[in-house]
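We begin with a single chain expressed as structure tokens, specifically the form predicted on its own.
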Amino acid sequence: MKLLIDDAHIDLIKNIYRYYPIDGVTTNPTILAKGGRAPFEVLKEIREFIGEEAELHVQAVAGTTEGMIEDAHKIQSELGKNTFVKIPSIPTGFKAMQILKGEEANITATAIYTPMQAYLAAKSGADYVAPYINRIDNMGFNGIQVAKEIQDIFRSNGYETQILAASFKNSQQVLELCQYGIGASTVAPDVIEAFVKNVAIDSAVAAFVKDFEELCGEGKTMANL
């Protein structure tokens, strides 16, 4: 499963990249608005840091099919043809996906709440569909189960479209999708850091260091014996 960062704060992105094996970054209008900076200024900064090969997902904001296509062209011209354009999974969006896929654009179908949306997006040519796991839970449904149903639909129908699961509240949700073979997840920095935030882990590492120093001397490691 690919692991992406769901954030636009460059310092947080750099910190996660410093330690973890990351495949790219996703953004949306809400994330960009929280930063309070000009969108393309932030996005170009992210693209420069992560490089041309890493995935960057950026959302079209217009509500019409024509507007979405114009947004997509602008996104690609500013950030590279390989950038994934996020298109909302609504009727105007499905049409935009079909047209953009005809232009060989990379497409991520976003705002997925139901398997039927995902099915239509896949048929429209989307490379990824992004179900909102925690938001689905908050509506009284099971976000993990919805993602699994989408995966089953894609497998049964031979679609190459991958799931890019989003909107997580904890690491257990990510783990369950990883176990099921979901293609990718995009996760907030604090949730990524919680993957290995465990008192037992810290205690075990500290004990190893203490035992080694008792044997070889304070501050000693294998490198300086």
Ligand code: E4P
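Note that residue numbering begins at 1 and tracks the sequence as displayed. Just so it is clear, the model here is predicted, and its values are computed rather than measured.
Here the subject shifts to the form predicted together with ligand E4P, a form of this protein not shown in this document.
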Of 171, 28, 65, 162, which one comes within 4.5 Å of ligand E4P in the predicted complex, counting heavy atoms only? 28
Okay, which stretch from 115-123, 131-139, 88-96, 75-83 lines ligand E4P in the predicted complex, with non-hydrogen atoms inside 4.5 Å? 131-139
Using 4.5 Å between non-hydrogen atoms, is residue 166 touching ligand E4P in the predicted complex? yes
Contact set, 96-115 vs ligand E4P in the predicted complex - heavy atom within 4.5 angstroms: 110
